[in-house]
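Alright, here's a single protein chain in two forms, structure 1 and structure 2, each given by itself as structure tokens.
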Structure 1
Amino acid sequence: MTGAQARSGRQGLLFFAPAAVFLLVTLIYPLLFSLYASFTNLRLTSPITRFVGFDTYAMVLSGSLFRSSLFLTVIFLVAAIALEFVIGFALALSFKSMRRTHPILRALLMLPLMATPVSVGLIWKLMLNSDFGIISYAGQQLGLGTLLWLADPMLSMVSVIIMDVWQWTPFMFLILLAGLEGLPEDVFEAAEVDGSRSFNLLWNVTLPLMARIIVIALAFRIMFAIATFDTVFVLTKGGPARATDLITLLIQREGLVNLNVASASAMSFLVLLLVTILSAITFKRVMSNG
């Protein structure tokens, strides 16, 4: 190695070192400590900590709280992401069919995505208030009576799903619109020459060509949605009667309220394992389909 190459290597190391230290302190060390804690009985109110192997994981998996929160999270994911996909795809198709759309219109559609989670939760908490919220007022005007959006267990989950759909549909719209605008026009022209109508074009041409984009959009949305915490915490705090107690809220309560670090860490790694498996299966299927 020449002197110039050695000097260049040292300079590269100097540039790399701050980033490495930052990642080590903020990401790698907390992750490794959390993994270690999940194999102990670490509780901040207990003076004795000992290694217990997989006992913490067994305790979490056998607990009804974890299973019910996981079930609620699955309901939330399926309902919210399905609605976001249908609405986002419909919007993307309508924008694609327009000859010209004003950039301001697209920017307005992105506004919910740019809002901070806490502000989104506060806005919807005010709008869904049964005493003075505009949505409750609209329900009364339509003859639906006073709907307790945040006090009724079933309506509270519906409220959480509506809020998430409002905030994240633009994300789905953006990815799907980019995919639609990248499709080859000659394929559609050939299908139209063969006599394909609008529905046939959508079902036999557009959806097959968009399959990879759709799967990737859904995979990313699942990864983001399973980490939903801020908006639901502000809107319902997991209530009423744990009707919206998603897995992230349970982990937060277990770790920061009950101070049971071992249990919270084990839950976190179980969710991480689940998301990793789902993502790996999804991306493997996408790659295998070319």
Structure 2
Amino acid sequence: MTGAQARSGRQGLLFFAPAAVFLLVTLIYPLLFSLYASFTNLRLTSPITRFVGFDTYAMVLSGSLFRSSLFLTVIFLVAAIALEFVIGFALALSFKSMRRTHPILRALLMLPLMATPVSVGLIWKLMLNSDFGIISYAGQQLGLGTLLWLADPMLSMVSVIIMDVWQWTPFMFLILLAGLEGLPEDVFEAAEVDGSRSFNLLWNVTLPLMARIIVIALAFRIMFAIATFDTVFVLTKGGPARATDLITLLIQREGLVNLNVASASAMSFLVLLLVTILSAITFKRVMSNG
């Protein structure tokens, strides 16, 4: 680096400093505090706090609560994101192949995505109610009997997944559509001249060209889905009998209801570790050559 460049770099840091200091105080310091708490037995209900090393982690990892919530979270992530990707991609292909799309259709599809999560939870709580919900009614009309969408353990997870698919498919759709629209047209023309069938075209041309955007879309979606809280909190509160007790709901209850800050912090850091590993695998490559 030349002297002038170094000086210019220092000037740049001045512009960056306010945001960095702000994040340090409001976000990074609390996280460090939480890291410290995870090595103690801090409970807001008990006056004495001492350092316990990895005991809290050992307790969390050996207990069944954390493991079952992790398992439920993985099921939720895999099922919801797979469905969102398939439906979103199909929709994006369908919209792309229309001669023109009214922009209003896209704006309308964005609404479930931007809708306040608390309201989203309410909407589905209403529609899935087994006494007067419209979805239960539709199930009865189709001869499925009375389905206890929110009271049956298995079905309540299905309900959570349906709600998430409704809310987040538009996200996949919008990103993948933007990706499709950025593809060079001449590749498709050449492939059409070669007489590629549409399935081959999709498999051999479209998908490889879209690989980077697909990775970005999936990676973002996984990160956001791990953080899912508000909608499920309103819809099921983790119930019935912990059937939808995602890891975020468990941490919230442990930290803010049971006031066991140490174990909530330890759980948070185990999740953070997972997120960091996942994002290190995907983003570092994708974002740096973006």
Partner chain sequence: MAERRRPYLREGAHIAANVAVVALFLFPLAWMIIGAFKSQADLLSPSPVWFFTPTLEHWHFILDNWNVERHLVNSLIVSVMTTVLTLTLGLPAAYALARFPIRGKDAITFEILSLKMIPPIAAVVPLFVLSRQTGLYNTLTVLILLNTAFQLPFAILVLKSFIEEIPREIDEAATVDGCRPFGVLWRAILPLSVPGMICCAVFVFIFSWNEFMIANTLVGGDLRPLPPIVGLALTHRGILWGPALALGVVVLVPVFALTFSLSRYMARGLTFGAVKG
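Here, a residue number simply tells you its place in the sequence of structure 1, counted from 1. Basically, rigid core = biggest C-alpha set you can superpose within 1.5 Å across the two forms. The structure displayed is predicted, hence computed values, not measured ones.
The second of the two standalone chains is derived from the form predicted in complex with its partner chain. Superposed on the core, the two forms barely differ at residue 274: its CA moves less than 2 Å between structure 1 and structure 2. Once the rigid core is overlaid between structure 1 and structure 2, residue 26 counts among the residues whose Cα shifts by 2 Å or more. Note on residue 16: its Cα is shifted 7.3 Å between structure 1 and structure 2, core used for superposition.
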